[in-house]
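Just one chain follows, in the form predicted alone, and it is written as structure tokens.
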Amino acid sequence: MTDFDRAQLLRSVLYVPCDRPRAVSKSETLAADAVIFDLEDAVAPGAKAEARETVRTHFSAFPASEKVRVIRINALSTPWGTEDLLAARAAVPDAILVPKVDDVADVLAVTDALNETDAPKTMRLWAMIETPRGVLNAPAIADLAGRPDARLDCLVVGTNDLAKEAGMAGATARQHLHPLLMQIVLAAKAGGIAILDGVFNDHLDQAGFAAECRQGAEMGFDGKTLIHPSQIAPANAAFAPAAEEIERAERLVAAFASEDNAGKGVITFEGSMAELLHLKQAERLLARAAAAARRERSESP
């Protein structure tokens, strides 16, 4: 994923259970940056076939969308994985989310299946890191982004499963997850791909959710996965550049572009030293701000 691609907005990424046709249809009207159409954990075994049909119907009715649209399949090792993958391939989403990725083989198995069916290269893969083994192998998994044929664009943290698999429990379990989360964030940054924080389970606790969003943004996450539409607006706000950040970035870009600083790799800016890496950060921030502004305009009536 290039720096320009990193400007793509993934502030709010809403899970939508595909056994609820009304929720699936309504997703097109929501202000989420991305929607994950879930065929996995949110759908009971007896409803899997019906959920796949809902996906087929929805993507047939809405072949294009301004949102990033992702389909989470069941693992290929499960009884439903192959049929899920075939349904997702036919729907042609922006990406397929591979659950419970333990190592690179889990991603490459889906990659190979897509390549064998001549799936368009624009159909990407996201990988869920939600097991201890997945955390340990996160650097190698993220490095797949360097292989054009691997299609990998994003890591998604499954905090609920990760806490369970690691034996963590209680209301404060997330604070003990921090070292694991930072390992995944670092792997994603090294691989140059997006990284999404896990869900916040109590959609009625708005203050708690907003605080966890701010925390995730400070940790380096690009956005947060959501379980309820009420969480969209707070996530969009938390993971978008603040007005003062935008203004400072604009001043920094202008300072580097000034006649006095033309061609310089290091300049003095507002009493501090600024290098080209700071310029690059400022340009990236402005690209995200511009994408957010475009998104807001498109959502306006």
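The first residue of the sequence shown is number 1, and the count goes up from there. From a predicted model like this one, the values you see are computed outputs, not experimental measurements.
Form predicted together with ligand COA: not shown, discussed below.
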Suppose contact means a heavy atom within 4.5 Å; in the predicted bound form, does that hold for all of Pro17, Leu30 and Ala42 with ligand COA? yes
Where, among 199 to 207, 165 to 173, 181 to 189, 212 to 220, do residues come within 4.5 Å of ligand COA in the predicted bound form by heavy atom distance? 199 to 207
For Ile227, is any heavy atom within 4.5 Å of ligand COA in the predicted bound form, or not? yes
At the 4.5 Å heavy atom threshold, is Lys280 in contact with ligand COA in the predicted bound form? no
Contact with ligand COA in the predicted bound form for Ala23, defined as at least one heavy atom pair within 4.5 Å: yes or no? yes
